[in-house]
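To begin, one chain is listed below as structure tokens, in the form predicted alone.
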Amino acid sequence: MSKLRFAIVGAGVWGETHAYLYKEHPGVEVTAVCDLNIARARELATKFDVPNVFADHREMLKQAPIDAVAIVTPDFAHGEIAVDCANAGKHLLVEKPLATTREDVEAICEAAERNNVRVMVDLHNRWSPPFAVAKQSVDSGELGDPVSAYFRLNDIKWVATDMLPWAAKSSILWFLGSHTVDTLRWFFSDEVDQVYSVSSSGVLKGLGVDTVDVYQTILQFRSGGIASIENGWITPNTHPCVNDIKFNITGTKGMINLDLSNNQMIERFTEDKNDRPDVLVRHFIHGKAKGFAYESIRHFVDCLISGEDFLVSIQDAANTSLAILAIFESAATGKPIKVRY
């Protein structure tokens, strides 16, 4: 069987993650790397023996042999690249979110349908073992019908101040809120009808990053279910995990609680620090990439090969982005906002 030929657009840390996964997969060959920073693209290509390097994705689409493209750019840069790739007939794995404007969301969906290409967005929380087990309890009916939920998904300050040089051009709602809203849509098997959100700013602006610190939001689903969510990135850097994650879902017959930021399966103490190494999200075992953030990428490749449906549809990703756009509007106006699908 011939291998799927993949291109990676975006040669940063997560672009390298994609390269590791594709190199491991027997059904994939990476044929091109593209980044506006051509030196960074060359560095990634050299590390993973990729033959073609580009600074312009349009030139890449014209010149390189490609079946599928992984778009691993900053979130605000997804739109044009995704539309161009779809128009060129390439299947797409887009890092979350699908896009950050309604116009880009609609343009990507239209281009994908018109060109009959398959699109998945890497909303990888659906592959998290604790969340997946909790979802099985919901689907089996043992919790009854979902009634309410709470989801706190926050990051430490370092993510905004150091990890993401483009944090001021984005938002914690795109960076983590995409996972939050998608997970809740998945658990409720329903769409968000309206939202009410408030936000707070000042901490990160004082550190030189012009972005909102935290959003607290109420989601009301079409069936009547409600959820309270918190997304922020001002958790102290001394927090033992990059993420601060708390989740509850309550149904008519039971409930489930998850505390994924303070699990004590493994603790490490050295002369300089104490921490709890990641054994769930992204780590390597015997030289192989493990963790649920990697399984979603493997899933995309496997489904391209098998023809099976993706666990995250393009409509899932589109509706998640549209719900987040309503959250921005609510926080700005101080009013409840209906989600416009």
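Sequential numbering from 1, following the sequence displayed. Bear in mind that the values here come from a model prediction, so they are computed numbers and not experimental data.
Below, we refer to the form predicted together with a small molecule, which is not included among the displayed structures.
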Let me know the one among D244, D182, D104, E95 whose heavy atoms come within 4.5 Å of the small molecule in the predicted bound form, would you?
E95
By the heavy atom within 4.5 Å rule, which residue out of L260, V209, I226, M163 makes contact with the small molecule in the predicted bound form?
M163
Looking at 95-103, 142-150, 246-254, 193-201, which stretch has residues with any non-hydrogen atom within 4.5 Å of the small molecule in the predicted bound form?
95-103
Classify C34 as contacting or not contacting the small molecule in the predicted bound form by the rule of any non-hydrogen atom within 4.5 angstroms, answering yes or no.
yes
Are any of the heavy atoms in A77 no more than 4.5 Å from a heavy atom of the small molecule in the predicted bound form?
yes
Consider T73 of the chain shown here, and say whether it contacts the small molecule in the predicted bound form, taking contact as heavy atoms within 4.5 Å.
yes
How about K90: is it within 4.5 Å of the small molecule in the predicted bound form, going by heavy atoms?
no
Decide yes or no: are W158, P240 and H283 jointly within 4.5 Å of the small molecule in the predicted bound form, with each residue judged by its heavy atoms?
no
